[in-house]
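For reference, the chain that follows is the form predicted on its own, supplied as structure tokens.
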């Protein structure tokens, strides 16, 4: 097998190109630029224009990336050196790893399992552990406060998120992401169970610290929370991890509620993958738009939303799925 043919083998192409590392990297650059421009537009500012001004500073993010790559990483005195250096690596790795289990089409996937939905969600829930550890290892009061805030948020959103996802698994009678997407050829899951779709969308933005849930970082209150002491390429890793996690959850959401590669079911991996990517990109772009229009919640308000609103809604979504099943609605692929 030649090198080009080997590159297009699913077990290499998916982790490395799409929806893996290269696609995530390109999306990260576009979204950071888009986030800045939307916020600037809403707040009547120009936004970054220093590089390629005629095109709205479109490669300003690339210039920032080069700065992070070549900036000297500073390790402050008093930090736990091993934990301080290793936690960003694990944080980014765990945000990226679930991409391996995301199918691109009904026949093109790197890894398929009967429980791939649970596997992806379980991997995404491990990353916050390293954010909390990062806050402790930095030996800084702002970092510690940010880490504790992350811990409080995790407890308030994880259970409702799993319940919302499982309510859809009941409807599809499957935890396999390929079967879940194929089951939505006639009707998307969001139309049958809008309660689960709304709850999952809310919790997706909460779990990735998007506005109005950008509470662990909260620059105007605690500098940058758990990331305060990080600089250079290490800061690039921790900043990129939340965007990659949002990208992963947007792909999962697209498969779970928006039909995956439907309404154009195709065994053509390029067409199916393009449809899936566009849906995920729109969800990430909505997250970028929220930054410009919503103020940040307090930590007690966010926890209240998790337990008093999201948790009851997730239980209602399970009851709704059960009532649909009892009523004879079948979405088995």
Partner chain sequence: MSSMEEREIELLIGPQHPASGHMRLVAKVDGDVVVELRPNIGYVHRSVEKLAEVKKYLQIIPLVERPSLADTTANNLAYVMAVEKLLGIDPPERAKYLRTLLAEINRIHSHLYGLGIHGVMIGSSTAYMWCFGDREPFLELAQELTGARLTYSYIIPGGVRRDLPAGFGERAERVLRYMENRMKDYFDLYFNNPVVRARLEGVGVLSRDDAIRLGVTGPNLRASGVAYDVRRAEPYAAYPELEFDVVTEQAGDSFARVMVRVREIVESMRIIRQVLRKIPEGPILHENYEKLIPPKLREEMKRRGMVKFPSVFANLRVPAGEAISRVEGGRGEVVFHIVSDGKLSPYRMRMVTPSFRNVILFEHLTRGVRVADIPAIYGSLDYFPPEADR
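Residue numbers count along the first chain shown, from 1. As the structure is a computational prediction, the values presented were derived from the model and not from experiment.
Same protein, other form: the form predicted in complex with its partner chain, not shown, and the subject of what follows.
Does residue 279 make contact with its partner chain in the predicted bound form, using a 4.5 Å heavy atom cut-off?
-> So residue 279 does not count as contacting its partner chain.
Are any of the heavy atoms in residue 149 no more than 4.5 Å from a heavy atom of its partner chain in the predicted bound form?
-> It does: once its partner chain is placed as it appears in the predicted bound form, residue 149 has a heavy atom within 4.5 Å of it.
Touches its partner chain in the predicted bound form: residue 300 (any heavy atom, 4.5 Å) = Result yes; residue 300 sits at the interface with its partner chain in the predicted bound form.
Non-hydrogen atom contact residue 295 with its partner chain in the predicted bound form at 4.5 angstroms = Taking the distances in the predicted bound form, the answer for residue 295 is yes, it comes within 4.5 Å of its partner chain.
Looking at 104-112, 216-224, 91-99, 161-169, which one sits within 4.5 Å of its partner chain in the predicted bound form if you count heavy atoms only?
-> That would be 216-224.
Have a look at 270, 42, 264, 52 for me and say which one sits with a heavy atom within 4.5 Å of its partner chain in the predicted bound form.
-> None of the others qualify; the residue that does is 42.
Its partner chain isn't shown here, but in the predicted bound form which of 253, 188, 211, 136 has a heavy atom within 4.5 Å of it?
-> For this set of options, the contacting one is 211.
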